[in-house]
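Given next, in structure tokens, is a single chain: the form predicted alone.
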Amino acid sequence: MVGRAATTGQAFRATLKRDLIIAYKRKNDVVNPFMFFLIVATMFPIGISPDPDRLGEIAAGVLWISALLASLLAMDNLFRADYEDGSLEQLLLSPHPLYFLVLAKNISHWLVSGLPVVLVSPLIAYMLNLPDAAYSIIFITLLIGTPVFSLLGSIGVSLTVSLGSRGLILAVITLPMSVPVLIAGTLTVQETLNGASLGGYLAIMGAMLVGALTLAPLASAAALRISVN
């Protein structure tokens, strides 16, 4: 871990770099959420209807639900390895504000599990026959919304990190907090296609992101202190 002589900024960067290196050494952490997103999104046409018009109507919702489930799949990896090898306790004992260290881990988690989903979303949107005008909208909304999924999910992970079996409990905690983001993202795409102004909806989603960036790491830090101690 980062020594006492390091500044908070250096500790933040060191934590971010460490988590990214570990994640890319464990290829499953990168591949599994991405492949899960692709599988879920591509299975909808089989389960619902291959009709292009029908797919175009539900494409935005399909992409957002797939992104949420992919984020939930990757969420358990956020603090698990650190808890098991004891480095999480060292993180809690660090002289630097735990808020920034938790935020660094959240950013690393999103870069590994969320950003690939955002980058491939226009391709999946094309496959699902989403109108051409919505490609940039779905990309922007997922770019704003998927970090919120990671930040909110970290609260659930922090509360359950010391539990042996936490999959269902984590889902029960995380999904209700994520539903407003899911609704806002889907509604933004649909209403913009209907002629509504994009600015107002993006402002709402931006406010959600700012709120999550401000409050979620604080809540996660408090939950970690309770769970580990």
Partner chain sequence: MWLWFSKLGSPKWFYELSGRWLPWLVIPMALLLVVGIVWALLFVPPDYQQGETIRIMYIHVPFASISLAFFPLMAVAGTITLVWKMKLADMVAKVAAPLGAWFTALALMSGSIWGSDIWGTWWIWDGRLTSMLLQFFLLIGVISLRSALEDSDAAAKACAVLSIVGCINVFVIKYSVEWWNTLHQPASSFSLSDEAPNPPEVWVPLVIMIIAIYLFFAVSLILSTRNEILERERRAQWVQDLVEAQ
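Computed from a prediction, not measured in an experiment: that's the story for all the values here. Residue numbers count along the first chain shown, from 1.
Note that the form predicted together with the partner chain isn't included here; everything after this is about it.
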Is T192 a contact residue for the partner chain in the model of the complex, using a 4.5 Å heavy atom cut-off? no
Do P176 and the partner chain share at least one heavy atom pair within 4.5 Å in the model of the complex? yes
According to a 4.5 angstroms non-hydrogen atom cut-off, is A219 in contact with the partner chain in the model of the complex? yes
Does the partner chain come within 4.5 Å of any heavy atom of A203 in the model of the complex? no
Note: exactly one of L142, I107, L159, A134 sits with a heavy atom within 4.5 Å of the partner chain in the model of the complex, namely L159
Restricting to 174 to 189, the residues within 4.5 Å of the partner chain in the model of the complex through any heavy atom are P176, M177, V179, P180, I183, A184, L187
